[in-house]
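What follows is one chain in structure tokens, specifically the form predicted on its own.
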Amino acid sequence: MHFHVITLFPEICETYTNSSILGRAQKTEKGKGAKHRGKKISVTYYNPRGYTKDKHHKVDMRPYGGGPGMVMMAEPILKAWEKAVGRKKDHKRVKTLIMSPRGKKFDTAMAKKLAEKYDHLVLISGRYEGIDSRVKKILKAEEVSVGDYVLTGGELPALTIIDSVSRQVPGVLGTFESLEEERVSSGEMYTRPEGLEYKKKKYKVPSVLMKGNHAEIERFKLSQNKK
């Protein structure tokens, strides 16, 4: 899976995608025991300022019809998109998403579909008052929202999608059991020590988790989910 992120602030995103699980997934594994030796994902960034014509690298203008704020211009974004996927032979395996609070709600089902159906995801992160509407029409892009709230830019939603979709790519998490949505899990989790004392009050791990009876443990987890 190759993620292409069009953003004015790639440095904001790179810190996250180069760390932890996502960072490891972008590296080639070495060693005799490596099951998935190649990279599982790749993340590339494209700054629209690098695709402007004027010396000031201007990417925004006042909107036609008036209104507050500035709107991101279409041409720099379109050129960035062409740089990312313009030469790909099979555009059916390419999906372009625009981060927008007005878009379709992103969820795990969408993440699975994107991981299964596409090889390239282009994530366009807007700023200011939004993006020239012709970008969506020309690229046949889909607007996607990660929640019922408005953010200052599309970078956080793009990172959310990268993280969630990457979890569905084989080998990224190591084993299928690492997918929390595919196993019985509850909001209550415990680790050592068995007994914890805090401010003279004692907190113990539920005894059912200590006995090793897997059937009882599963029933306990399911009961916690229903609360």
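When you see a residue number, it is the position in the sequence shown, counting from 1. Since the model is a prediction, treat every value here as computed from it, not as a measurement.
Only in words, not in the display: the form predicted in complex with a small molecule, which the text now covers.
Pick the stretch from 149-157, 134-142, 107-115, 75-83 whose residues have a heavy atom within 4.5 Å of the small molecule in the predicted complex. Correct option: 149-157.
Given that the small molecule is not shown alongside this chain, does residue 123 nevertheless sit within 4.5 Å of it in the predicted complex, heavy atom to heavy atom? Result no; residue 123 lies far from the small molecule in the predicted complex.
So, in the predicted complex, is residue 129 in contact with the small molecule at a 4.5 angstroms heavy atom limit? Within the cut-off, so yes.
Decide whether residue 92 counts as a contact residue for the small molecule in the predicted complex under a heavy atom distance cut-off of 4.5 Å. Judged by the heavy-atom cut-off of 4.5 Å, residue 92 is well away from the small molecule in the predicted complex.
Please check if residue 100 has a heavy atom lying within 4.5 Å of any heavy atom of the small molecule in the predicted complex. Yes, residue 100 is a contact residue.
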